[in-house]
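Okay, here we've got a single chain as structure tokens, the form predicted on its own, with questions on binding and movement later.
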Amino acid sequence: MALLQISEPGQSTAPHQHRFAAGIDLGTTNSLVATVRSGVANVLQDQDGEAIFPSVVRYDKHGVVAIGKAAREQAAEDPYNTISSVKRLIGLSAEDIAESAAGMMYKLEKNDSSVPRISTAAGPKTAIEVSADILRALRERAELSLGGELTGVVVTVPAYFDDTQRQATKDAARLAGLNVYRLVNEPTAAAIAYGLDQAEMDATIAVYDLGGGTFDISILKLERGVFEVLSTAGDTALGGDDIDQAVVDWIISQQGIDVGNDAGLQRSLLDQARSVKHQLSSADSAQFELQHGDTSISASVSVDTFNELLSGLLERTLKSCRSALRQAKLKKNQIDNVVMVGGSTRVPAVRAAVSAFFEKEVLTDINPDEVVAIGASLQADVLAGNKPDSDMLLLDVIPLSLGIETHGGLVEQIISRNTTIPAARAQEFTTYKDGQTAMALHVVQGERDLVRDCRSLGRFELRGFNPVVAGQARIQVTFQVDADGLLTVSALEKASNVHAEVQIKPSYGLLDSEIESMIRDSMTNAEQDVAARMLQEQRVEAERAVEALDAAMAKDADQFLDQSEKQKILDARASVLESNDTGDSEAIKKALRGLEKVSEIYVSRRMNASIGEAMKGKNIDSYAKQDNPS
């Protein structure tokens, strides 16, 4: 039976025009879908009253044979055709996925494709396709519950997902037949849920989001309906799955079990570890009971042992918390509230550690499993136009700086990290050589000064502009990051109006540990990077000076210089080239000054000859008339 949608006056022109919109929390372990009905956000349940949808898909030769809870229950008997935790793989390269898949019992197709594919009975599947199957099931749940088609959705992603991982998530949603209003960072969605529950609240909030496979910590400023992300940090390869694996590793070491290549046994061990974790959230001990083939296990796991296994993982999350505070330039006592998000935050040791770190009680008012989906549904309701009087505004940030390669392998940053999105920045560049009619543009991501220390995002070319003297062309490069965090780069040569652009969509993304490493390296190597940049700039300047000198001397050196003068300039030129091969920027600068000094007479004579040629046949009076035509 379809539900009758009734809108408040002013929220919709007529009740029947209410648009069906939903928020989707696409999780590593579990996913949820929520919607706003009668002004209240609720997570949607299936026919059995279950709200949580396990992010698991099982395939056979005909395609999807089981999905959600049914697929998870069949994982041990058919491990290689049952895909779980696929969110950890989305947007990664074949090399990255090969490393991740080793512990996840996936088999990868061996081919030359740049898009990694998991081998299943239904044929090769990409992480995008598996995610699309999960999203399709959530769409069907929503449409069945609402009694109509969804006009659009908001899908949440980890705050530290890079451009490629976000694009891959968006592609999966489109493949599932969903119209994506926008992608929203998971911590931001949680802040929406809490912020709207506490109207007129102005506060600085830390959102600690520990899910099944990812961890995010975000510092947000909530002020008069504006949600601004001040900083974000985290780990896209850390979550409840790792807690389960820690328990499994301990059991294996205690029992002396050899798992070998038995994927079914490994699945069963992880399932039992998950059950133990859930039991220890409300008990002092739990039994690890398993019977799989010839393997029989019966062991007691105390909460003290569990907390000890958890301690290393917890410290990794607190390290990210310290990083987020530093980026936001805040101290612990400036945080007003700490919001707990994600099923793994149900673990008492997690809540205790976070509370101790921030020195305050943590907020758990809203179900940590559901809070992200609820926040996403509230934003979806606004974007669908069901609440036109809403003054809600989301201001997410870019996790890593974006820039372009300049001559000499240097990086010119266009948009700095932690810039609020959507954002657009433009900067002018010019040509390096005379007569240049094309320019190759290399877009990079990172905090270092040299291209080799940053990550390449993409390349494109601007061709067909007019040939002019080096340095005369004006080429405007524009970076645009949309509300989903997706990047488009364009270039325009202003004189000839030649234009080119590219949407950055490489075939793999960055792991969160790599992002953290890039930021950490930029701080550690700041002094070294400044020196390296100065060296490269001096080398570029030396190359330009020598190239300009060679062009001039080839044209008229014999006309203006005697042999002795010419030799002095050539000797100075050789010194510049010799110093350019060293790693000493001061030596290059000194050699350039020497070349400039011995070339002064040559430059002066050329300039005088040029002026004389321009004035030939004219007198001072003719110039005076040009300046004063009246």
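The shown structure was predicted, so the numbers you read here are calculated from the model rather than taken from an experiment. Heads up, when I say rigid core I mean the largest set of C-alphas that superpose within 1.5 Å between the two forms. Numbers for residues come from their place in the sequence shown, where the first is 1.
There is another form of this protein, the form predicted in complex with a small molecule, and it is not shown here; the text below is about that form.
For the candidate set Gly211, Pro116, Gly403, Gly91, a heavy atom within 4.5 Å of the small molecule in the predicted complex is found for exactly one residue, namely Gly211. This chain lacks the partner; the member of Pro124, Gly343, Gly408, Gly458 within 4.5 angstroms of the small molecule in the predicted complex by a non-hydrogen atom is Gly343. A residue is said to contact a partner when one of its heavy atoms sits within 4.5 Å of a partner heavy atom; Asp163 fails this definition for the small molecule in the predicted complex, lying far away. Put simply, Gln287 is far from the small molecule in the predicted complex: not one heavy atom of it is within 4.5 Å.
Under a 4.5 angstroms non-hydrogen atom cutoff, the small molecule in the predicted complex lacks His442 among its neighbouring residues.
With a 4.5 Å cutoff on heavy atoms, Gly234 does not count as touching the small molecule in the predicted complex; it lies far away. Heavy atoms within 4.5 Å of the small molecule in the predicted complex belong, among the stretches 343-351, 314-322, 258-266, 373-381, to residues of 343-351. Core-superposed comparison between this form and the one not shown: CA of Arg182 displaced by less than 2 Å. With the core held fixed, Ala283 shows a CA shift of 2 Å or greater between this form and the one not shown. Once the rigid core is overlaid between this form and the one not shown, Thr214 counts among the residues whose Cα shifts by 2 Å or more.
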